[in-house]
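The form predicted alone is given below as one chain in C-alpha cells.
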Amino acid sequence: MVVGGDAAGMSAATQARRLRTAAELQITVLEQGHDVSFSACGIPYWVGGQVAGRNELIARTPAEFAAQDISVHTGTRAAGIDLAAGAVVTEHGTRFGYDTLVIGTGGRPTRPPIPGLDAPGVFGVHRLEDGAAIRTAIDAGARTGLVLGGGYIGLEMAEALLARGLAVTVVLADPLPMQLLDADMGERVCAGLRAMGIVVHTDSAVREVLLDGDGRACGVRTDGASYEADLVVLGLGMGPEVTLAADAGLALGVTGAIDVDRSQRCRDHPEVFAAGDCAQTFHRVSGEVAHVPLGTHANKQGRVAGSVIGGRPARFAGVLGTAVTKVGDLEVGRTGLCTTQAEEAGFAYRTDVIEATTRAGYFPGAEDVAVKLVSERGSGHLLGAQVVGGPGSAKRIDVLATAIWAGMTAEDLAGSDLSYAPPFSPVYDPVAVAARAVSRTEQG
C-alpha cells in the first residue's frame, strides 16, 4: 500500500514494480487529490504563462500506472492507519489491507494563525488546483498581488504575477528573502527583486488579512502599515504532513517529520516506510537530522523505499539542500551549509566571496556573478556554497554540490579540470576562482 500519489509515493511504487511482477507483489496507491505524479514546482511557471497547460505538469496518469499493474485510487483520502491489523481506512470507511505500507503524504504549507488567512482570495501553491484558482483570479481581472514569504515558491510566484501584468508586493517577516542564503547574498536577491519593479517590505510580519464587504481578501495589515491587493499568495514554506502517521502512533523525529532509518523504514514499525516531505532525513555535511522539503529528495527516497520493498538493498545517502531558482534574469543557487548552519553544527569556518562573469568578459552576453564559499578553517574542506548572478549562473551550484558531496577541499576543486570556452565561462571559471581564493589563504 502507498498513501500519497506524488513524487515519493509513485517513485516507491514504480521502483518496487520494476523489481517484482504483479504476480509477486500487488501495489495499490491511495491519493486524496485528482492527480498523481504532478509537478508542484511547475505551478508558478504555469501561472506565469511559460507552461501552456495543466496537463504539461503531469508526468503520468493513473491509466499509465494501471498499465504497469499499479492500481491508483484518486479522490480517496486515507483517514487512518491500523498498524496492528495492517490496514489503511479511508474517509468513507473502506479498508485496504497491507503487508508493507509506504507513507508519502508530502508537505503541508505553513499557515500561521493569522486572522483571515483562510478567506477567499488567499491562495496556496501546493496542488494543481491552487494554480488553476490563481489563474482564474487573474483572468477575472486581478491587477495587484501580494506575496507573503520570500522562499523559493514565494519569489517564483512574485515573478509569475509580474509576468501576468500585476503590480506585485512581497511582504516578509524576515530581514531578507531566502533565509538559507547568507545576508550578503540575500541582499543581492532583494536588490534584484526591486530592480524588476517588485515592491519588497522586510521585517514586516503580517498580523491580519484584510477582508472586503463580501469577506474576500483585499490586502494585509502589518505592525507598521496596510497593503491592498486583489489577491494574496502564500509562500511561507512547507512543514511535514504527518497527521495520519502521528494519529496512528508512528514515531516522529525532532524535526516533526516521521522518524526513519537510512532505508526509509520507520524505526518503530519496520513494515512501514516513509519518504519525501513527510520524512525526516539527515544532512550529509553536518550529520544532523534535517527536514528539507524538495522534490529531488522525495524522488530519491521513494526509490530507496521501493528498492527495499522489491528485494534490493538500498540506503539513502543524505541531503545537501541543493536548490536553484530564478526571479527575472537573476539566478540563485545554494548547497550545503550557510554560515548560520555551519556555526550551529560547530564548525570553525571561513567565508570567501568572489565576483566574476558568466562568460569571457569580452563575449556578448557576459553577466555578473557572485560565488560565496563556506569552508572549514584550517582544512579547506568545502561546507557550503551560494551563487547569485545573471543568466548562466545558477547551475554552477551543481559543480559545487558535487565537490561538497565528494568531500573535496577548496584546493582539490581549484585544481580540477573544468571546461573553458568564451561563450561559457572565463578561462578560470568563477567556481575555480572562488576555490582558489580559499586555497590560497589556507596555504598562506
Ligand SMILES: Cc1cc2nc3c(=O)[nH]c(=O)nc-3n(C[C@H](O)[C@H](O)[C@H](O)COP(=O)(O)OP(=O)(O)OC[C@H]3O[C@@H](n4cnc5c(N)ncnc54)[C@H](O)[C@@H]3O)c2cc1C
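Bear in mind the structure is a predicted one, so any value in this text is a computation, not a measurement. Heads up: residue numbers just count along the shown sequence, starting at 1.
Another form, the form predicted together with the named molecule, is not on view; read the next lines as being about it.
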- Within 4.5 Å of the named molecule in the predicted bound form, heavy atoms considered, which of 40, 399, 383, 414? 40
- Item | Position in contact with the named molecule when the complex is considered in the predicted bound form, options 244, 200, 320, 217, heavy atoms within 4.5 Å | 244
- Message: Considering non-hydrogen atoms and a 4.5 Å limit, does the named molecule approach residue 265 in the predicted bound form?
- Response: no
- Does residue 316 reach the named molecule in the predicted bound form, with heavy atoms at most 4.5 Å apart? no
- residue 156 within 4.5 Å of the named molecule in the predicted bound form, heavy atoms: yes
- Task: Would you check, heavy atoms only and a 4.5 Å threshold, whether residue 222 touches the named molecule in the predicted bound form?
- Result: no
- Residue stretch of 145-153, 110-118, 223-231, 344-352 approaching the named molecule in the predicted bound form, non-hydrogen atom distance within 4.5 Å: 145-153
- Message: Check for me whether the named molecule, as it appears in the predicted bound form, comes within 4.5 angstroms of all of 7, 30 and 296 - heavy atoms only.
- Response: yes
- Can you name the residues of 45-79 that have a non-hydrogen atom within 4.5 angstroms of the named molecule in the predicted bound form? 76, 77, 78
